[in-house]
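Encoded as structure tokens, the following chain is the form predicted alone, with no partner shown.
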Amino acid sequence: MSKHAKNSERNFHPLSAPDFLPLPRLRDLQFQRLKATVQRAYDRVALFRQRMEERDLTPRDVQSLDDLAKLPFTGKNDLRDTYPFGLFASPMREIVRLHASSGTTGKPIVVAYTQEDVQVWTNVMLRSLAACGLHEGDIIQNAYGYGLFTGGLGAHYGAEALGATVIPISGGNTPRQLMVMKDFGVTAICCTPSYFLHLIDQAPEAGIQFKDLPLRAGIFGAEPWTEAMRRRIEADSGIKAYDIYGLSEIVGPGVAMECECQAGPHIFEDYFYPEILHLKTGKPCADGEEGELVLTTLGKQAMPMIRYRTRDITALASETCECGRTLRRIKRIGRRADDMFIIRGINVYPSQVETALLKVEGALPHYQIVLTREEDLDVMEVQVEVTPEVFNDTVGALEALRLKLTKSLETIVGVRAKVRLVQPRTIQRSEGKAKRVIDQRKM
């Protein structure tokens, strides 16, 4: 038995049993739940029934998991077009919770939960926290935002069900976050990775050394982040950084979670069925091939989502994980199809920029991309913070670093960008999701 398998057995929680189901039993469970979900959506959601009828389909045409590919997609625009309650499959008297995403334009995306849905959410969040070694007796500082955002309450319910002590501190107020972390003996924290980097930056001013704290795990999500950022977080804080994945339209956090092997988040497939589709053709991708993640909820009552196009780009890994879980894993999601921007005909993702910057010693993982137009040409400027030692060095040393960063960006991204070095802590920090791109182009 591997070290990771032994750790999983030690931290096993009874509600984690579905993580280890034999594949034939898991596939049968998925199929039974898929049939029930399709029938519920067909009977109760007008938009889904209309799209099924346009394809001359009924729920009886779902005879296997493979038949999922026949069904219509759902997208974010469908939630906007039917705002606020048009995709609900339960009457309001059965809805016990409403959340909404922080939509960047117009009305927010509204999602609903029955009591059964809240129990499912609690279950997958409990399994998420148990997967990365948390257990009864841990003290978890929950710095995800509470309120309409799903992150805070999702993590909260799962941590309480695990038997941990939860500190519902929510986001913001960095000095208080650091004080509580030290004084309360916090062993795990939930927040965005960019905000945790901000906590690391601010800790010396509070007289705190992260490596002297009992903190051992960070549950980081709600924004794309790279493997290089994980290494930076772990090196600077001494903790293990785990990737959690979720989205409000499906349930919130808890769709997928890394185990102690840190080899990609396991999808809780008994409730969320994954497909990976080719970005151009829309056809299914082979395991290991990168494409768009499409998810179908299995058992969601209030708002079943069938073939929801997440716009997140990843790949499925079906080989067995060392931890023993039979659930498939997804490759870390570092980019989204809709995060991409185009500079002089080249597709660029912020995650590529981050990777290029963190390959160069002296650069900090705090950066911003500013897009402008000069004489009808697109210009990309990357503003990046450097360490205090480097910033206080000679002009020649700063210029040498700038040239290294420029070359790294050109090699990895394929675009020659302007690089501007800025002092530490001058790029605005976010207490939620980091805003990496400022597009000032007048198209």
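All values reported here derive from a predicted model rather than from experimental measurement. Note that residue numbering begins at 1 and tracks the sequence as displayed.
Here the subject shifts to the form predicted together with a small molecule, a form of this protein not shown in this document.
I'd like to check something about residue 326: if you look in the model of the complex, is any of its heavy atoms closer than or equal to 4.5 Å to a heavy atom of the small molecule? Looking in the model of the complex, residue contacts with the small molecule do not include residue 326, since no heavy atom lies within 4.5 Å.
Going by a heavy atom distance of 4.5 Å, is residue 365 a contact of the small molecule in the model of the complex? Answer no; every heavy atom of residue 365 is more than 4.5 Å from the small molecule in the model of the complex.
At 4.5 Å between heavy atoms, is residue 196 in contact with the small molecule in the model of the complex? So residue 196 does not count as contacting the small molecule.
My question is simply whether residue 336 lines the interface with the small molecule in the model of the complex - judged by any non-hydrogen atom within 4.5 Å. Taking the distances in the model of the complex, the answer for residue 336 is yes, it comes within 4.5 Å of the small molecule.
Listed residue (116, 322, 223, 160) with a non-hydrogen atom within 4.5 angstroms of the small molecule in the model of the complex: Selected residue: 223.
Looking at 354, 78, 249, 270, which is the one with a non-hydrogen atom within 4.5 Å of the small molecule in the model of the complex? Residue within 4.5 Å of the partner: 249.
Can you tell me which of 142-150, 199-207, 166-174, 354-362 lies within 4.5 Å of the small molecule in the model of the complex, counting heavy atoms only? Careful reading of the contacts points to 142-150.
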